[in-house]
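The chain that follows stands alone, in the form predicted alone, written as C-alpha cells.
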C-alpha cells in the first residue's frame, strides 16, 4: 500500500486534505480513486490508514478520511547519520535513495580536499531540495516512519558537534593495515536509541590531514570497512547493511 508523509497531526475520525506533490502522485501517478486506501505518516511518525473520500481536480486536492492508527516499526533501533564528502555525478542521490531504504536517520554532505564536485551559491539549495525529495520518495517506498534530514555543511569543521554516542570515519588506510575491529565493536556496544555518525570520503577518500583533524579535534575514530576498497557510493550502504544485520536479523 502506498505511503505518504503529511505535515499535519492525524487522528482517527478526522478528515485531512492533501495537495501539491501528494495530490499529483496519488491521482495522476498512482491513479487512485474514491474509496481507495493509503497510509499516511504524520509529524509524530505515527502511521494511519486513510480512505479517499473526495478528489477535486479543479482545485487539485484530495480529501481523506483517517480510519485508524496502524501498528508496526520499520526503523533501525540505532540512529545512524551518514556524512559524505561531495562526489561526482548523481552519487549523492544514490546514497540518499538507497541509504534511506536501508534505514539512515540523516545525511550530511560537505566538500573535502579530494572533492571534484562543488556546491556553491544557489546550487546548494537546488541540490538539497532535490535530495530531500529523493529521501521522501524512498522513505515512502520503503515504508519508513522517519523522514531522513539532508543537510549541507561548508567544511569538516562546520559539522555538528552534538553529544553523539559514537563517531566513526571510514578510512581506507585503516582497512589496508588490516584494522577490522572498530566497526564491529562499535555496533555491538551501541544500545537502542544511540546515535552513530559515520563519515565517508569522496572519490579518493580523505587526506591523512583530514583524518587527523577528525580524530584529534572532532572525536572521530578511524575504522576500516573490510579488505576491499569500496566506491564512495558503496561504502555508506555497506555500513547500513552491516548495521541492519547486527540489529535486525
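What you see is a predicted model; the values in this text were computed from it and never measured. Numbering follows the first chain given and starts at 1.
Only in words, not in the display: the form predicted together with a further copy of the same chain, which the text now covers.
Listed stretches are 112 to 120, 91 to 99, 163 to 171, 149 to 157; the contact stretch with a further copy of the same chain in the predicted complex is 91 to 99, by a heavy atom cutoff of 4.5 Å. With the partner omitted here, the residue from 13, 20, 227, 9 that has a non-hydrogen atom within 4.5 angstroms of a further copy of the same chain in the predicted complex is 227. Although the partner is absent from this view, residue 132 stays clear of a further copy of the same chain in the predicted complex, with no non-hydrogen atom inside 4.5 angstroms.
Using a 4.5 angstroms limit between non-hydrogen atoms, residue 33 is distant from a further copy of the same chain in the predicted complex. Not displayed here, a further copy of the same chain is kept clear of residue 2 by more than 4.5 Å at the level of heavy atoms in the predicted complex. Among heavy atoms of residue 125, none comes within 4.5 Å of a further copy of the same chain in the predicted complex. At a distance of at most 4.5 angstroms from a further copy of the same chain in the predicted complex, all three residues 103, 234 and 241 contribute at least one non-hydrogen atom. Heavy atoms closer than or equal to 4.5 Å to a further copy of the same chain in the predicted complex belong, across 67 to 88, to the residues 73, 74, 75, 76, ordered by sequence position.
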